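Here's a solo chain for you in structure tokens, the form predicted on its own.
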């Protein structure tokens, strides 16, 4: 039960952060996940005393961590080895279902709805995909998803497949690239003997509950395949089978397609995934870093998110490169200079980048104050004013979320950030000195 172990490993990480090392080693270290049944994670403890102690003293901690997972698991049960036979039938049933599964393609287990970061650029596509996965063939059929390279189209298609299989392991699903569909059609013609290959092609793509075709734009110039897809589409649609298609363009822009195919593709729901905004890119990095068990400071996350704004694939690649570089060098990814060195082949590190660090550095230089003092807890009048001006400038020049600013300044809450911002904003209108300081620091930032 690979999924069961993966969920338990994530839970253990959260639990270990909330209890002492001694308690963890004594009560949790030797627990083993067994299975998931009726949305409940079954865990085996060697001793009944361990079972009783955990349920008595740590149940709330475990349930809180389960809630954070945001998966279908909503509870847990600890059993002892002598109780395992009670749950063995369920394990055998799951294995039997997995062995008899008729799905023709496997989906990447990392591409799930839980791992998909939702933002303004993809929230409609995400909602539509979840609806389709919950009730395939009844809502939004066909579902047509379009957007540029590396923005998450393939992830969301795999997420649909994973969710459907989770709800119905016997569902027949084909997920393939359009190139594979084309190649299968060509083979059905080239190797046709008494129409046997052609019959196999029709059965493969029509005897399914869900058909998912990725990158439909590669049908350009393939008239015969378009004809085959048209009839496949009609057959599936007639029997209320779900069709999901992805492309780099809206159906009306696929001018190389036959008009009747364009019409079919547009007959359901068409949704787009656009470039992720800064906040979404930050959230993606935070989530990916969490699952990789890497602690990245907010200024490092912001730096990477600012530099890689074209697509998610490049963003994740940059994160992976930083992690590998730091592991190789034996250093922590907590310094912008280290990050610049790790990504020197991918970005122009000599160019100026407007960031939290650059604004705070300019403010510190202007007031001749150490950076640690500005982002720290000291309450000397000069330091407090410099800190508030830096907060105001970050909000004014970058517009990042208040929570992000608060995290950067030592974990301050959003009310503190709002107070600092509003205070300096008012002073800038009435106090000529503060207005001049803000203007001077902005000039310093621009010249750097």
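Residue numbers count along the first chain shown, from 1. These figures come from a predicted structure and were not determined experimentally.
The next section is about a form of this same protein that is not shown, the form predicted in complex with a small molecule.
- Partner contact region in the model of the complex: 153-161, out of 130-138, 292-300, 153-161, 202-210, criterion any non-hydrogen atom within 4.5 Å of the small molecule.
- Contact annotation: residue 148 falls within 4.5 Å of the small molecule in the model of the complex, judged by heavy atom distances.
- Using a 4.5 angstroms threshold between heavy atoms, residue 313 counts as touching the small molecule in the model of the complex.
- Mapping the unseen interface onto this chain, residue 122 counts among the residues with a heavy atom inside 4.5 Å of the small molecule in the model of the complex.
- By the criterion of a heavy atom within 4.5 Å, residue 331 is excluded from the residues contacting the small molecule in the model of the complex.
- Proximity to the small molecule in the model of the complex, taken as a non-hydrogen atom within 4.5 angstroms, holds for one residue of 111, 185, 366, 265, which is 111.
- This chain is drawn without the small molecule; in the model of the complex, the residue among 116, 308, 76, 233 with a heavy atom within 4.5 Å of it is 116.
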